[in-house]
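Below, in structure tokens: the form predicted alone, a single chain.
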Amino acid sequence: MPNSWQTYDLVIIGASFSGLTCARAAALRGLSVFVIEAKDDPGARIHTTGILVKEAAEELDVPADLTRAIHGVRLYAPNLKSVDLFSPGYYFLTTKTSNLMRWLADEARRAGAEIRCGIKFTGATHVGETIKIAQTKISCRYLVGADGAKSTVADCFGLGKNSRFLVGIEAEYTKLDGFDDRFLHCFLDSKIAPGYISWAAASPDAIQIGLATKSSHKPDLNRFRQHTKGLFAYDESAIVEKRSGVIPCGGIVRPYAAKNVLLIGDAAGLVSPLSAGGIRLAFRFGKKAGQAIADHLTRFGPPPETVLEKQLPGFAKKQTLRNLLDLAPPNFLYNSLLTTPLMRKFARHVYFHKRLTKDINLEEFTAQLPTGAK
């Protein structure tokens, strides 16, 4: 690092989905941007499944060779009876997540942002109209915390902290005999995954098996594998990677901003309390934050939090449903309700959001797919 202080318009802590999207947007609007990342590589030690819902893909186009499209959901009750759910035109994208993060970093650099890895942020202070990060001898006009669910930036500036979490664990297999890769496989079971679900999905070069639970329970991936060994032929020698992490599920933290400081992404609690999906919101509000900060610093725009506040999701209904899920409904209830029209409609709304169409079966859905997608 240089001996003298170097000043940037914007410093972002965390080369995350939200941090890199913010960096790119701000740099494209002319700001000097510096990203600090604790890991040696933005694609190292990934803690997310990396699955993009269609809305995330509409927020930011990513290279097709980093993704795999999945068009249906197979939802299982605890007794392993299942229903297939479709919504024509809707899809999920599994990703080569490490390479996706590296691509996002390259895109931010191409826009003009500088990214420095291997630096663990430990604190910063306001000095007049600037913020100084002593460990790096870098100062900035604006600081963004995109440093995850347990944000050090939030600690440093007395901002709101996430206090409610899901705990997830996942393994990647090179192969899994008997696996139907047309579906995102989701399993309801309050004994195995209280508060959330278990899942299995084919990514571009692997098969992901995982589950998440409310934080008072320890996720047990082996128990899930034992439960589903009649569906999938597990081969432990085929495991290529394991990962785990926490997912905030308590809604947006308050306050998420201070003087010239803003939290985004997981640090801000911008994760759906119900689905635990945060990548779409990371893309959307990472970009909006970068644009709003640039407008504020160079175009007489209002404080960024004023701009974002009008657009932030409320999460009220999803928070109510989160509370119900945390009660861990008994498995007999899931078994009895799964195939009912009401449950199918609710599940399709959860997975496909507002893009509801009439209920269709596998044969009808397959007939509508282009030849290359079947």
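Residue indices: 1-based, along the sequence shown. All of these numbers come straight from a predicted model, not from anything done at the bench.
The next section is about a form of this same protein that is not shown, the form predicted in complex with a small molecule.
For the chain shown alone, residue 32 is not a contact residue for the small molecule in the predicted bound form, no non-hydrogen atom being within 4.5 angstroms. Residue contact with the small molecule in the predicted bound form: residue 126 places no heavy atom within 4.5 Å of it. Interface membership of residue 15, defined by any non-hydrogen atom within 4.5 Å of the small molecule in the predicted bound form, is confirmed. In the predicted bound form, the small molecule lies within 4.5 Å of some heavy atom of residue 168.
Site residues 47, 146 and 271 are all in contact with the small molecule in the predicted bound form, judged by any heavy atom within 4.5 Å.
Only one of 98, 152, 87, 260 lies close to the small molecule in the predicted bound form, with a heavy atom inside 4.5 Å, and it is 152. For the options 78, 251, 277, 194, the one in contact with the small molecule in the predicted bound form, meaning a heavy atom within 4.5 Å, is 277. Stretch-level contact check against the small molecule in the predicted bound form with heavy atoms at 4.5 Å: of 310 to 318, 325 to 333, 48 to 56, 339 to 347, the positive one is 48 to 56.
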